[in-house]
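A single chain comes next, written as structure tokens; it is the form predicted alone.
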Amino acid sequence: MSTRVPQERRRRRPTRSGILLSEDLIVETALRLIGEHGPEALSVRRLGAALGCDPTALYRYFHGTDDLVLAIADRIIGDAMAGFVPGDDWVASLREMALRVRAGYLAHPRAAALAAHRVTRRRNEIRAVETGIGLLLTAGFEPADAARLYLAFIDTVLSHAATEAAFHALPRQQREADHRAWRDVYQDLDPATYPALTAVRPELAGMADSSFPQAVDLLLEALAARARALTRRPTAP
């Protein structure tokens, strides 16, 4: 069943500040409020104040704040995937999808925590799922495998991207302190107690960097290996 507000309830009339309300404007304003003040800023009252309208007017467009969260999540997907056209190389296309998801979350790090674990059931998400599963079908996977492997792929991408976005949402002082820990605390450990960390001590400063590209490559290498194995299976007599 659709959770969308019926079209007839979305009357186009100016707010008291002269603004014409729309779904897009409400989502853009919600993203701005979250970016400036955090997820706790997402309330009908604060949105109404920011838009210069009676808060109840928002219910002509969304059933409530959770409905709006789904629209926000779908907007992030849509912005990230805008202009994406899969190429002939399915591995490269999935890699680009992953990098676009990451970029979308980093563009809205405070909203990412609300979006990553939700199913938007809206157009942008549906198109992205269609594209991803289609790429795996092109690679030769059976439908059941394509669906499950896409789920593993996108869940890994979303989780990793959301973790990185959550770090970027931290205050600058906390981010810098976490970075310094790899350079300072981990460089001064007792070798007898921590022989493994001592062995890789020169590399530990790099632990502050993002591992997203490496994680995606590991996943795609595993998917490519499975696809190659499909072509080596003996055909039935």
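The structure displayed is predicted, hence computed values, not measured ones. A residue's number is simply how far along the shown sequence it sits, counting from 1.
There is also a form predicted in complex with a further copy of the same chain; it is not shown, and the following applies to it.
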Within 4.5 Å, heavy atoms only: does Y186 come near a further copy of the same chain in the predicted complex?
yes
Please determine whether L151 contacts a further copy of the same chain in the predicted complex, using a 4.5 Å cut-off between heavy atoms.
yes
I'd like to know whether E96 contacts a further copy of the same chain in the predicted complex, with contact meaning heavy atoms within 4.5 angstroms.
no
Using a 4.5 angstroms cut-off on non-hydrogen atoms, would T56 count as touching a further copy of the same chain in the predicted complex?
no
Just one of A92, A82, V119, A103 has a heavy atom within 4.5 angstroms of a further copy of the same chain in the predicted complex, so which one?
V119
Partner-proximal stretch of 35-43, 195-203, 22-30, 48-56 relative to a further copy of the same chain in the predicted complex, 4.5 angstroms, heavy atom:
195-203
So which residues in 102-131, when you check a further copy of the same chain in the predicted complex, have a heavy atom no farther than 4.5 Å from it?
H117, R118, V119, R121, R123, E125, I126, R127, V129, E130
